[in-house]
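Quick heads-up: it's one chain on its own, the form predicted alone, in structure tokens.
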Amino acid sequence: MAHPVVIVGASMGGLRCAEALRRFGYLGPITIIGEEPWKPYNRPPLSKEVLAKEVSHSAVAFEERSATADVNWVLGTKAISLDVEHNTVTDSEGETHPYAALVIATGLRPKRIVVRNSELSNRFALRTLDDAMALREQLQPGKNVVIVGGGFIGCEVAATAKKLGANVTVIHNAAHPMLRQLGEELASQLQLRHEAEGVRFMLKRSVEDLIGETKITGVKVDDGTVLDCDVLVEAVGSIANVEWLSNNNIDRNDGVLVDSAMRVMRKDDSPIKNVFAIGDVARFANPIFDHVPRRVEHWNMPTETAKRAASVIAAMLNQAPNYPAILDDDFRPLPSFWSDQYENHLLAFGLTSLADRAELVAGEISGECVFEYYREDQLVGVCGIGMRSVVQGYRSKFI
């Protein structure tokens, strides 16, 4: 085989794809290109337990397995362009990487707030290990930490910062933190638990401007309130890293559209047979719920989509006789996420954000509890605080 499988994105998805390629019998070369200098690591703990301790690569690095010992790692290098006609990727060093199959695993980058006085230090986002290292240095007792965004990352950082002795205020544009994912009843309960720990919420509010000369000293809220601020954390959403795919007729509307085999789709709805996308950047339909393509940023999606893409790539490159049948395999991955905030351990399955109602079905709202989430009469998700065995029991209800 003249050319390798090239995976762009040295992420969990990229690593799991390489491992799965070997498991499915692909023995050819694999190259993984990553913008960060680090080999793949686990991102979710960066806003949780790892942020509360000493942040290091060793604390979050994935185990290197013998099956991928021969992978060619190209780290600290960004892919800047793709040429699907000639099957090549060009990186920021000017190197061209030809491929037999390409896997796009470039994930997301954080959105940043845009205000007049933006050029100040001590503004942080939290996506990478380097982000976490820089933020951890600033989370000191007595510091005034303002977090913009009350989703899961914002609330996890709030809990960690509070445990480290900081004064924490969360500015969020909705009526409750985590409202879209949890629904009003459970979201308002989590808000109460944060407030009991001393976190202040400014809800249905946004940032009007930042205050300071070179370093941030305050945040001006849209109601005129001025908050003292030593550390600003921006957790206002993400942007898919798809710019490098331009000029290839790829559907890049909110990530990369793929079919059920993870093959990248052109704008005319035809698949590019040797180009795949996985993880947070991939937008696909999941028949568990409906036939609407969506990006799903849940923690298990990179692994599930990586395995699916690898099975197709291995069959294609090995010229397996069952390759056409593998393309038609039903792909129904069950999304899952977890979150630790103080002593509150959340576990969820499904897509709770699709729900139009939520019902408490086990436990007490003030303690451990389980909610079911429905869109009309369809169960689309379940989430529990504690009661993990009960929540785990729902897996079979989605299959």
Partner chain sequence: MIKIEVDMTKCQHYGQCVFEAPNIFRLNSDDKLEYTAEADDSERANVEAAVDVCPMQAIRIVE
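Residue numbers count along the first chain shown, from 1. Keep in mind that what you see is a predicted model, and the values were worked out from it rather than measured.
One more form of this protein exists, namely the form predicted together with the partner chain; it is left out here, but the text below deals with it.
Residue heavy atoms within 4.5 Å of the partner chain in the predicted bound form occur in exactly one stretch of 274 to 282, 144 to 152, 302 to 310, 106 to 114, and that stretch is 302 to 310.
Out of the listed residues 332, 357, 65, 57, 65 is the one that sits within 4.5 Å of the partner chain in the predicted bound form by at least one heavy atom. In the predicted bound form, at least one heavy atom of residue 336 sits within 4.5 Å of a heavy atom of the partner chain. Residue 35 falls outside the set of residues with a heavy atom inside 4.5 Å of the partner chain in the predicted bound form. Taking non-hydrogen atoms only, residue 387 approaches the partner chain to within 4.5 angstroms in the predicted bound form. Contact annotation for residue 52: none of its heavy atoms lies within 4.5 Å of the partner chain in the predicted bound form. Residues from 226 to 241 do not approach the partner chain in the predicted bound form: none has a non-hydrogen atom within 4.5 Å of it.
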